[in-house]
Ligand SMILES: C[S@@+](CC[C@H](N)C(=O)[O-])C[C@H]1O[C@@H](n2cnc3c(N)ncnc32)[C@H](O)[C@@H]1O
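Before any questions on how it binds or moves, here is one chain, the form predicted alone, in structure tokens.
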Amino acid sequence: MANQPGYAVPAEIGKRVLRPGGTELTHDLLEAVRITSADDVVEFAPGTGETAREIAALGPNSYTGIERDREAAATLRNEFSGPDREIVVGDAAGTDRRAASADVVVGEAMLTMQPEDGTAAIMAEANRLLRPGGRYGIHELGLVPDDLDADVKATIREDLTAATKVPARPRTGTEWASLLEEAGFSVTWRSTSPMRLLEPTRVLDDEGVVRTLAIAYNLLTHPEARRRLRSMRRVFNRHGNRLRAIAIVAEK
């Protein structure tokens, strides 16, 4: 566990909600992306399936989850297989889906951990999959203010990368919007919230009492996981006045 990527450590101890803004910002994102019964929806990296369940509850015409992790895909397939519901193993940067086959693409907590070319490739793939007028919703790690000093940005990214063991590139709202525009989108909605992923009150709100107690027990019995999460939380707190969760909807 010492060298596991940071996003995998909370999942190892039973945390299901792994998005920077928690379930609250995901709810806002799904409301803003306006999923209807006529929409074909693609989700990049559904992971533990929390957002997939919310999307399914909205009753889209179809749902496809593109999951790179074969074990996670197999687990999700037990729940989401059936008419017009599909989980496939694939890479969000280059799927085998038909072009212009989706009305909505959603991806959360993935672009921040990509190198520059990886982020561009995923956004380009979202654009390729969407029909004209289709909506792309993202939920990532942001920075404030928009004119944040470049050296401060670099320090935050270095500290996050050291703690999470993966390249971390949070961006300001303007930077996220610019990347989406370069990929062929127009931003139609944006919202931010405090980044409290590992705070006890956020865990309780996102996971509920029973799962929070199970997570607490797993922390007590897994010292390496406890050490890793403490390290990440220290970095989040150190830069708490600069870090935000950000969600954006952009239209093709």
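For every residue, the number given is its place in the sequence shown, counted from 1. Remember, predicted model here, so these are calculated numbers, not experimental data.
The protein also exists as the form predicted in complex with the ligand; that form is not presented, and the subsequent description refers to it.
Asker: Using a 4.5 Å heavy atom cut-off, which of 124 to 132, 104 to 112, 143 to 151, 169 to 177 contacts the ligand in the predicted complex?
Answerer: Heavy atoms within 4.5 Å of the ligand in the predicted complex occur in 104 to 112.
Asker: Could you spot which one of Leu160, Ile87, Ile138, Ala92 gets a heavy atom to within 4.5 Å of the ligand in the predicted complex?
Answerer: Result of the distance check: Ala92.
Asker: Among Arg226, His27, Arg34, Arg68, which has any heavy atom within 4.5 Å of the ligand in the predicted complex?
Answerer: Looking at the other structure, the residue within range turns out to be Arg68.
Asker: Can you work out whether Ile13 and the ligand are in contact in the predicted complex, taking contact to mean some heavy atom pair no more than 4.5 Å apart?
Answerer: No, Ile13 sits far enough from the ligand in the predicted complex that none of its heavy atoms falls within 4.5 Å.
Asker: With the partner left out of view, is Ile55 within 4.5 angstroms of the ligand in the predicted complex by any non-hydrogen atom?
Answerer: Ile55: no contact with the ligand in the predicted complex.
Asker: Considering only heavy atoms, tell me if Leu18 and the ligand come within 4.5 Å of each other in the predicted complex.
Answerer: Output for Leu18 is yes: heavy atoms within 4.5 Å of the ligand.
Asker: With the partner left out of view, is Ala45 within 4.5 angstroms of the ligand in the predicted complex by any non-hydrogen atom?
Answerer: Heavy-atom contact with the ligand at 4.5 Å: present for Ala45.
Asker: If we check the ligand in the predicted complex, which of the residues in 169 to 198 reach within 4.5 angstroms of it by a non-hydrogen atom?
Answerer: Contacts from 169 to 198: none.
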